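The structure tokens that follow cover one protein chain in two forms, given apart as structure 1 and structure 2.
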Structure 1
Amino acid sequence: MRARTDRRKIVEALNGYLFISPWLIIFIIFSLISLGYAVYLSFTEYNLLRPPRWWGLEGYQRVLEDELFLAKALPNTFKYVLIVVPIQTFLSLVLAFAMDQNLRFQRFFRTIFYLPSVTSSVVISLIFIWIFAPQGIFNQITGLTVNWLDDPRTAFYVIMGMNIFTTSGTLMLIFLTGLQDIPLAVYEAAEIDGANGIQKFFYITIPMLRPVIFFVVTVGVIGCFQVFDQIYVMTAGGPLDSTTTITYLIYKWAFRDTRIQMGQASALAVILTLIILAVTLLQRKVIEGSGSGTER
């Protein structure tokens, strides 16, 4: 009897591993080994031609002394996150709130709003290049004569605007699901207590939505810190490095420069990971901490 249950347990364990093995193999190779190797590479000098040479912290030091990183990529990336994340979060929340009012054509709107997010980043970038060309539709409609993507003062804002526009639809849908999960009874109770619309929004909707807000902001932050496609296609980091972000710089150092620097690029990738981790943790504290007094 004992032997039989043991055998069944072994068979179960074997089956378990067989079931997860395809995923596990890919996970081990492309996540675990990759991550370990990225950390190792960040301490080396590696140009693909000769084997990686141990460098210690030299790579990190070079990153932290690099003009392009310090003056452009780092501030640009933070600027991007600090502008895009709040606007897209606010905008999608407002849109979701408007959608939740049981207006007509709700389904129609929901479909239309999702369109920009199914279109590929490359295609949407190509379309925007053309819309914001000197003689493009945007200038034609507004009567302006700005060369949007060749001007270091405007190029980055066009990219930001485009990304706010493409992601807000998806985020709106996430908020909408969150809003519809809030039980009506809570609102009704507040109404009996004499709460008006604005009070209901700030004292019920926002606190009840806190986990969803955290999710949307986290997804937004992680995505924004890694913005690449749009920058590669629209400006390639220019004009005058005004759209060079950390991810673009990693790509540039590792794959594009005449002097390939995989070690230094890996050091920057590790730094970026630490930044994202720190920001996510901080934000969790802020979003979850701020409401702990009013909740429960």
Structure 2
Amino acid sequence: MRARTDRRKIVEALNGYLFISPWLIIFIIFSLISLGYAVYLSFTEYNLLRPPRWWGLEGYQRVLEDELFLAKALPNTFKYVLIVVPIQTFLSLVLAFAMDQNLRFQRFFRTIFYLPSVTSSVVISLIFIWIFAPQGIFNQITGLTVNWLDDPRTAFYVIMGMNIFTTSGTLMLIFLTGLQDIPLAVYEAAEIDGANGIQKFFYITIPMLRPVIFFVVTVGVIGCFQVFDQIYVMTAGGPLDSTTTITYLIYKWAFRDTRIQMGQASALAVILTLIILAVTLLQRKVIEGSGSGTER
């Protein structure tokens, strides 16, 4: 009897692995092996033309001493995260509240707000290039003569605005799902106790949305640290490296420079992973810490 039960468990396990095998094979080849090889390359000197040569921590040292990384890519990336994440989180939360009300044409507005999220980022980038060109529609409406994407003072902010515009729809849907999961009985009990709209927002909605807020902020932080395609299409890191971020610098060192530095680029990719991990753990501690304080 026991042997039959064990055999059935083995068959069920094999069936399970068989069903997930397509995803598992892709994950192992394109994620695990690629990640391990990138970590290995970060300890080597490699230019795609000769076999990798082991040089230990030399690649990391060069990254941490590189002027472009220290003066442009690193501060630009943190600036991007610190500006975009709070604005897109707040804007998507406001949109979710609006879409949670009994508005006319509610489904139409949800579709309109979500539409940029399902549109190719390259297409959106090209549209923004056209809008913010010297003769573009934005200058024509406002009467300005600014060359937005060729000016180091404005180019990065245009990219930030585009990212906020495209991601707010997706984050709005996540917040909307969280809002609709809050039981109405909790709000009704608060109304009976005399709570007004602001009190219900800060003492019911925000605390019960905390897991959703953590998820949205985490997704936003990771996405902002990895911003690349918009910069590649709109400015190519310029003007004067004012829009160069860490991910674009990785691409530049690995593929674009005349002297290919694949090992150094891999070292920077590892450093970026560690930065994202540290920031995610820090924000989790902050959000969970604020939650425990409220509960007390």
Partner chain sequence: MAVTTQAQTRVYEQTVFFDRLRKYLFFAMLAFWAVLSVAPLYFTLVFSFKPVADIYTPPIWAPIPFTLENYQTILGTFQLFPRWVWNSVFISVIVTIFRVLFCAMAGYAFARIEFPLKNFWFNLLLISMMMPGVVTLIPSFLIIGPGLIRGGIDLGMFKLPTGFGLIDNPWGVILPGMADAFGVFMMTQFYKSFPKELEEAAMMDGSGRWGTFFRIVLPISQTRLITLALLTFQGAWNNFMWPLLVLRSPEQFTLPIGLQWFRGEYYTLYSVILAGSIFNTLPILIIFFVFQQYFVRSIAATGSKEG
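Residue positions are counted from 1 along structure 1's sequence. All of these numbers come straight from a predicted model, not from anything done at the bench. The term rigid core refers to the most C-alpha atoms you can superpose between the two forms while keeping them within 1.5 Å.
- Here the chain taken from the form predicted alone appears as structure 2, while structure 1 comes from elsewhere.
- In this overlay on the rigid core, residue 278 has a C-alpha that sits less than 2 Å away from its partner position between structures 1 and 2.
- Core-based superposition between structures 1 and 2 puts the Cα shift at residue 12 at 4.0 Å.
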